[in-house]
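Next up is one chain by itself, shown in structure tokens, the form predicted on its own.
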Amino acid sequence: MRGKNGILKTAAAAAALLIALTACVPVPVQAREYGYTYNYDYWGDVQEGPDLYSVCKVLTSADLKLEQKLKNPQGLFAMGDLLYLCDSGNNRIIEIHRSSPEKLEVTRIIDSFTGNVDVTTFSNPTDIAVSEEGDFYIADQGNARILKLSSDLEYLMQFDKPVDNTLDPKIAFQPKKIVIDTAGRVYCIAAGINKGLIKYEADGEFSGFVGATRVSFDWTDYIWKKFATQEQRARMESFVPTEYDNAYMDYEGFIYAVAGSLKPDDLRDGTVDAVRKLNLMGNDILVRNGDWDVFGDLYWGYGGGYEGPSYFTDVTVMDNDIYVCLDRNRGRLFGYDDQGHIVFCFGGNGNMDGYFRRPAAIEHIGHELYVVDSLDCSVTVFVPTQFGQLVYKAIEEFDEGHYEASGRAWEEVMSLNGNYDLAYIGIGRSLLRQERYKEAMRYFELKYDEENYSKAFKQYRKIWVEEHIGWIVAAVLVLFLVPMGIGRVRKIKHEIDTADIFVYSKDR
């Protein structure tokens, strides 16, 4: 018995020591792994659900029947049924015709052009945009220029490094991403320039910077910088805007710009924005009425070879105002509606279909999504599932003013996924527009949508008052007149009683 007791005591002491040592060692917080498609509810809990998208096809060099394999593709642009892929490592642009999501074929390889210019080839082209007239705008990064070519690949003009006193003359001009508007103005993101988007007029003249990101700093760091030595200042972080990673111009002419290299604390505090919607003045007008800020995953941690927050490397915007951000860090896609609510989250890191090794660009044709993987040298085609089509139908019916149809579609969505918060909010909004305020309040209350609940309650209260105004007036009159009448009767009675006493005393 003593031997067993000794063994037990020794084991207990060892366990206690192990617990004590474990308590002293910091335990890393592992990144949470979810199902392929998920969302976040009001409480921040992960709600897995049906897939909104499925992989239709993964295009590789073999699928595209390319003699020279793709190498480090970086940019993608869609125009009608044509896709333009920047095969940056091979200094060329590949034109792909889409007959259907399953059938895509190369129609042209663009690796040179004609015109009165010294260099008529590309060097590391990283992005392309096509105007409504068919002109090509190409970020020819290796040649430090933005080219404008005709549809017949004739040189028209080029946009060079902007001449500005605030720019370091030693910085090489390296255009990364470009967008163009209907007037032919060019907005460029260049490596090493963090003053916002570089804006060129249609004639090539540099006209300034647009939409610089907000600057965040700590007052203690600011004060310390005032007293620090020059060497200490050099080691400290500068209070400068963050450089954008990519941009997209929607059908209304607004520019959606994304920045990936942001500090986690700044994202949590809301002092910086991972996504911005810029108007012509460069002001951010993105609506953020969702339960959570627009920065991708809520839980970060580290594990599986990645850490920190989502890194938005590209964005695309559909005609229904749903914008989809591509997370380079964890290989995921995050869709948001025009109010800032999360519509879907899906994807991941890996080498299976629907997963990515290094996602670099995203585009869309209709509701289809196209994602470029620069390391895997492929383009993944996603198409909406039945569930995804229902969600889009509900959103688009609402936008078109068909509120009853939108409500019915949201009810179908809710029958397939009862944990989908957007369905409850969507039904509530459709009822709100139908002036069925009391019913709308119930749906908003279920998902803690305080803003919409307040709107519905305000209208419901107004109608209720109008319908019961007679009773309200009667009640008010009763509340005021009855006490006044009772007081008057008491006063008269008191006067009578005091008058009798006065007469009696006078007679005596």
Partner chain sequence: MRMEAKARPLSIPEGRDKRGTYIDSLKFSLYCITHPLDGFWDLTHERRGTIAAANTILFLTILVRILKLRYTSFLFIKVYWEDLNIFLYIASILFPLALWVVGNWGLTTLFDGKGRLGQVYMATCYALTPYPLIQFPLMVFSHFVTIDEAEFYAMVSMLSLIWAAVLIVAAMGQIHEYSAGKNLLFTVASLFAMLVMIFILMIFFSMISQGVAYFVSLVREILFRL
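Since the model is a prediction, treat every value here as computed from it, not as a measurement. Residue numbers count along the first chain shown, from 1.
The next section is about a form of this same protein that is not shown, the form predicted together with the partner chain.
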property	result
4.5 Å heavy atom contact, residue 61 to the partner chain in the predicted bound form	no
The partner chain contact in the predicted bound form: residue 65, any heavy atom under 4.5 Å	no
4.5 angstroms heavy atom contact with the partner chain in the predicted bound form for residue 42	yes
Contact of residue 461 with the partner chain in the predicted bound form (heavy atom, 4.5 Å)	yes
Region of this chain that lies against the partner chain in the predicted bound form, out of 66-74, 476-484, 50-58, 452-460 [heavy atom, 4.5 Å]	452-460
